[in-house]
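Here you get one chain, nothing else, as structure tokens; it is the form predicted on its own.
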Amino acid sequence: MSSSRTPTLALIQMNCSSSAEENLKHALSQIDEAVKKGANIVVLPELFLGPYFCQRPDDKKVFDLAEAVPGPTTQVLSEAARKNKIVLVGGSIFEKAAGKFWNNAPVFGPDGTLLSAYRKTHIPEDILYHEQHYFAPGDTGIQVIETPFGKICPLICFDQWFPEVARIAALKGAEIIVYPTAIGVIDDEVEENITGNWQQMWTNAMLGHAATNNVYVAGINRIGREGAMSFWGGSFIADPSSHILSIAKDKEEIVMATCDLDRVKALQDAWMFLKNRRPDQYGDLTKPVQNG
């Protein structure tokens, strides 16, 4: 049976259609299903309200989809968290605020309170990932949220490639790091010169964060074919030793695992990665990249 120190974490891996209304309705039904199975913490994918629009660099109509946070979608998600008495990480929402646009991951407490609204720190610009055309770099900093079911840090997709932010989260006391994500394989005729097992690379990067920080790590992806990209799913939950507790295939699925949060400090004390850091030697991390 779950308790505040052994919460059950659920990841909603879902297909995202062109209808925001239908996607939200589907997400809510999946949240309810996860709660029936015992979930205390539920996480949705990145930009779950619609297709991954960043495949196109110049779609001006997309900006009409942006909304305030708090706003209409967060109001619905807040009610879902309150009704089910869960911590809910609402994937991410295309946010408009102060004349800018952001990729925002709202987190709600069991009473429906909006506990935080993290804005994605690292914004990619690549073939079919033209996010710099749509999102400003996040200005919220790395947020670790104290909840009734542990200390949770929401990060978003491209953030998962940067060990710096996972380390900051651990130093701030995070016990669970969650990464709402939208990532897939690009058709060969679109991106023909890059080969490799990108799903394995994606998984390994986050397993490294779990191992080197001794925290629980969860990657939450979408599935389905959109444009020239096939989203691979593969959502997973890893423990503080980087052991995968549960992992999805390439279909709609609720990924669940019970997290023993006391293992976080126990392993951090045993391995002492955080204690034995040498910050005085890390100045080069903040210098510009030297090419050539």
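This structure is a prediction, so every number in the text was calculated from the model and none was measured. A residue's number is simply how far along the shown sequence it sits, counting from 1.
Not pictured, yet referred to below: the form predicted together with a further copy of the same chain.
Mapping the unseen interface onto this chain, residue 204 counts among the residues with a heavy atom inside 4.5 Å of a further copy of the same chain in the predicted bound form.
In the predicted bound form, residue 230 stays away from a further copy of the same chain, with no heavy atom inside 4.5 Å.
Interface membership of residue 221, defined by any non-hydrogen atom within 4.5 Å of a further copy of the same chain in the predicted bound form, is ruled out. Proximity of residue 267 to a further copy of the same chain in the predicted bound form falls within the 4.5 Å heavy atom cutoff. Taken together, 33, 37 and 147 are entirely out of contact with a further copy of the same chain in the predicted bound form: none brings a heavy atom within 4.5 Å. Stretch-level contact check against a further copy of the same chain in the predicted bound form with heavy atoms at 4.5 Å: of 50-58, 250-258, 234-242, 23-31, the positive one is 234-242. Contacts of stretch 260-289 with a further copy of the same chain in the predicted bound form, defined by any heavy atom lying within 4.5 Å, are made by 263, 266, 267, 270, 271, 272, 273, 274, 275, 276, 277, 278, 279, 281, 282, 283, 284, 285, 286, 287, 288, 289, listed in sequence order.
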